[in-house]
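A single chain, nothing else alongside it, follows as structure tokens in the form predicted on its own.
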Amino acid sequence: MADSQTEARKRSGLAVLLIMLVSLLPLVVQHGYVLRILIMISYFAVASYGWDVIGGYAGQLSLGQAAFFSIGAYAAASAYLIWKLSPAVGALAGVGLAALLALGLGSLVLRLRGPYFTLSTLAAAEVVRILLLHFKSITGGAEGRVIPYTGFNLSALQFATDRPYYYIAVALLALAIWTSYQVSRSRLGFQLAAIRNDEDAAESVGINLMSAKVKAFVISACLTALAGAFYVIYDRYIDPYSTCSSEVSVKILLIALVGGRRSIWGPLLGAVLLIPLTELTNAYFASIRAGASMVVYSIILIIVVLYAPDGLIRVLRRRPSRGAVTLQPGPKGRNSHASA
């Protein structure tokens, strides 16, 4: 009992220290580009937490997260540019539209298993991209749309510096982490674990496969759309390629794979590692080779699959404990105890 209370106090102290560090970070960071990187880490981590609900906990490999990302982004932009509403209202509308799309699409494609589901999500994202290119009067087509900066405007979520955006991004990140934690500890989380391990066995014990997977898909879509809405609010520019390309889906997926699936801190660790690396790659290699970041993603994915298939967060946790006891075969085939 005392040990559990001590552990709880340690975790509470660590949480308070982390909150203080995150809150004071913009005051310490003076370089605007570094603060921009921190903001990008936050909203891409939010999108990756969204993917982890369906791709990690449920074990359904989705390559169509860019569809939900773009829906959130275009809803926020259109609300402000066309209907003169606050982008925050558009963001909520985008989350609702993404949830409806996930509900309808999931009811169809989640009946498929393995690569068939993966290919269907990839195709769905491509359909959304084509529609964004076609309806130019709303989306601006391939040229995209620019949200003009008109000075400080709280309703339009436009600020003179990046610090307010940083705090908004961190708040969304905290929401995503909390959602991931709740899913992992909920009845839905245990159902998804059973489905991930063996769908037939899960169904035989009474788990409604479609209901659990669709719920996970909807949660995943909502978080990803929220990240997309913040992206356009912050960058103030949007086009189909920057929000609905396969590169966006791969980046979101790869962040979770590198950091660690089904982990509270995995997607955040992946974003901390990959987003700065992507920016450096684009800065130094884009002029030499177009699509250099995709080459980097491919190399990283190969390395992770070969050497850290469960993600880096689990590699960091694999520390041998002192005094651990292992079992070694004895001379007559019996197990004998040996200290590690």
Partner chain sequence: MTKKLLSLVLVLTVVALAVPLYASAAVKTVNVGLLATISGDLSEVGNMGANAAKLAVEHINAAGGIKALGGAKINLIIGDTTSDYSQSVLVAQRLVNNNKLSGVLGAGVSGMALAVAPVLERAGVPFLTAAVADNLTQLGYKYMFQFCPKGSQFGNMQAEFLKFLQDKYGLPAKKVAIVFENTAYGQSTAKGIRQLAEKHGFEVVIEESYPKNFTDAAPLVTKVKAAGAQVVFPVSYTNDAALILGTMKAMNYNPVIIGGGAGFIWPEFYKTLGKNAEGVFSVGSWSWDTKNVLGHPESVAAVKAWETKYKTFMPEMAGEMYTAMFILKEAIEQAKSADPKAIRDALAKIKITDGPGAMMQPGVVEFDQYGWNKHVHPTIIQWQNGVVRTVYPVEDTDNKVMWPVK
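Numbering follows the first chain given and starts at 1. Remember, predicted model here, so these are calculated numbers, not experimental data.
A second form of this protein, the form predicted together with the partner chain, is not displayed here; the remarks below concern that form.
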Answer among 90 to 98, 198 to 206, 130 to 138, 72 to 80 for heavy atoms within 4.5 Å of the partner chain in the model of the complex: the stretch 130 to 138
**Request:** Answer yes or no: in the model of the complex, does the partner chain come within 4.5 Å of a heavy atom in every one of Arg36, Val146 and Met294?
**Result:** yes
**OP:** Although the partner chain is absent from this view, report whether Ala174 comes within 4.5 Å of it in the model of the complex, heavy atoms only.
**Re:** no
Q. Does the partner chain get within 4.5 angstroms of any non-hydrogen atom of Leu316 in the model of the complex?
A. yes
Distance check, Tyr237 to the partner chain in the model of the complex, heavy atom within 4.5 Å: yes
- Given that the partner is absent here, does Thr161 sit within 4.5 Å of the partner chain in the model of the complex, heavy atoms only? yes
Contacts from 217 to 233 to the partner chain in the model of the complex (any heavy atom within 4.5 Å), listed N to C, are Tyr231
